[in-house]
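First comes one chain, alone, set out as structure tokens in the form predicted alone.
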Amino acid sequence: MTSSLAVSPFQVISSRKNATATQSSKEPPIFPASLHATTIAAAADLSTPSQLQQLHARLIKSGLPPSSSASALPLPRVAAVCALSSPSAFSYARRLFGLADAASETVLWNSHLNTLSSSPSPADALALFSRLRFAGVASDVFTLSFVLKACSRTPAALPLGRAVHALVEKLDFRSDVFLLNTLVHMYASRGDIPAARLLFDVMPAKDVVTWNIMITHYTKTGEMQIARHLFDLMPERSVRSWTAMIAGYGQWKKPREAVRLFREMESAGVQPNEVTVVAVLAACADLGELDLGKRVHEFAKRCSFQKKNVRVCNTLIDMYINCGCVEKARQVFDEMAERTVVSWSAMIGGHAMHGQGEEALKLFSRMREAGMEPNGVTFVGLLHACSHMGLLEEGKRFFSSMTEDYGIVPEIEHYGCMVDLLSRAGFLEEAREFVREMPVKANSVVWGALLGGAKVHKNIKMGEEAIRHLVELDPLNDGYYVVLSNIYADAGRWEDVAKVRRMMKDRGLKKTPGWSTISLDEVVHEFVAGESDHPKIEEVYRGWDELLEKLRCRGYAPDTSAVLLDMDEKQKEKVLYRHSEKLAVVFGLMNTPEGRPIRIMKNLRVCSDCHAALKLISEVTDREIVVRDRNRFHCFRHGSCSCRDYW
């Protein structure tokens, strides 16, 4: 907008000074009541210093004295327009502030500093602060707190943050807890944890916010022991203190500690907030803690978190899926008023994990009908669905569709899914060629998928090729050596089995023992294959013997080929009878009401004998048995499994 003024507003002020002086004191300048409202309306559209000058000139022409014309302007808007403009515009704003008595100059600039520090470009706040310091504008506690906030959000701003710290000392603001908290947060946010801790230790007074800042940043960097030490020392704790620790434990793969601390939080009478709910539900998902997850879900419903917070709903879906309750997860999904791509992807992946490939594909069609664009995670779920159900052609189409229809560049997870799909279906040569032609280097997951396919189809040559790569990529993973050993054992090549075991011994590796857990009344019971030290293990053994008689009457015969050890048949049968999932199921049958589903978590893949036995147990006892193994869920019901014996 071009200014129609030939002179500046300050020249207008000077030229009208004599005229103003000669006006009768009985006849004040005419200032219509509507002018102030008009000024405010015009100021809302100001975007340049030139427009501001025109509005100021209009006020002066109305007959207002200089100080009144400046006061009539919305001065915070003046600061916003002139703060980062040319030096002359900045000087113009300062002169306006000097004419007005409405507020001090520092307060006016602070208002804009606060806005800039929270904006997408916090570096603008730092630029304004530098200009104010050069101009000699005084800084107060609020000025420095806003600048420190901007430093905490700006990369490479740590040197300026240190300079502001020096200014805090120089101006003797050391007793202001709020300002020092902002300073501690700045250091921690910019990665200087030692400086943050040093300041924390010497602070003359701390409040709960001070402690929370340090605990939160220690949890973010994975230093959970230090965070817990500070947490235990806190004189008082807020819900944020508890939540930071619970979320930290979950983030760093310590879900048991997260659940344990949540129970302490409940005992202390502290009510969780939405962030706490998300954190503890995530821990329940990792542990398969369905009972606690259900109780937290009820709390979330009472507090309306489920209705208001999409993230709570997404975490609920994930929790129910990982606890083997895909129907409950789908109920949460169907009741959501708003769904994100995370919601759709989680539910598609959940159906895939539970062997419901057709449902996963149907849900994807609904997702597209709803106008929701898929992302890479969505396609991981779809490819898993195809892999678990042997849908080879559908999987190939989805993989091609990623780039052709949606412009999604496949990542290593997608390539791993395709290798798994081809290998499971028996197309091992095609899978190997696929690996060789990948535009990215194959990782241990990709070669592990090929090794798994080689085991299923008893292809020794392919297994040996996969293990050569895996030894280089992940040399300390005992699982790969065990799979190769099992391939040799299945072929009766016991000398090669011995070589693999010597190799493991030389590398200091031991076979990970199989374990299974079952959660009853929020207590997790663990059973280890062969040598479980559960306090009721003798009762469980007797229970298994009784159940075994019933299974034999139904035609059960142990599949000793699942025991890939060089021993006689009786010894193999004894090993099979002590597999952890069988023990956990028996314990569940003994300690739950009739008709209640039994849900088991297992760290390894279910063996063929346990799979056959659990199908029969579900029929004999008329119980639904859900087992989450290393790769997927198996839902045994009425003598059949959701995987349709394809796993």
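Bear in mind the structure is a predicted one, so any value in this text is a computation, not a measurement. Numbering starts at 1 and follows the sequence shown.
Keep in mind the form predicted in complex with the DNA is missing from the figure; the text below concerns it.
Contact with the DNA in the predicted complex holds for all three of Val208, Val341 and Val445, each having a heavy atom within 4.5 Å. Partner contacts here mean any heavy atom within 4.5 Å of the DNA in the predicted complex, and among 491 to 499, 156 to 164, 221 to 229, 137 to 145 they occur only in 137 to 145. Though the DNA is absent from this view, in the predicted complex it lies within 4.5 Å of a heavy atom of just one residue from Ser485, Ser519, Thr315, Ser532, which is Thr315. Proximity to the DNA in the predicted complex, defined as a heavy atom within 4.5 Å, singles out one entry of Glu274, Glu359, Asp559, Asp192, which is Glu274. Remark: Ser345 counts among the residues lining the DNA in the predicted complex, judged by a heavy atom distance of 4.5 Å or less. Mapping the unseen interface onto this chain, Lys149 counts among the residues with a heavy atom inside 4.5 Å of the DNA in the predicted complex. Residue contact check for Val278: one or more of its heavy atoms lie within 4.5 Å of the DNA in the predicted complex. Within 4.5 Å of any heavy atom of the DNA in the predicted complex lies no heavy atom of Leu548.
For the stretch 167 to 194, the set of residues having any non-hydrogen atom within 4.5 angstroms of the DNA in the predicted complex comprises Phe178, Asn181, Thr182, His185, in sequence order.
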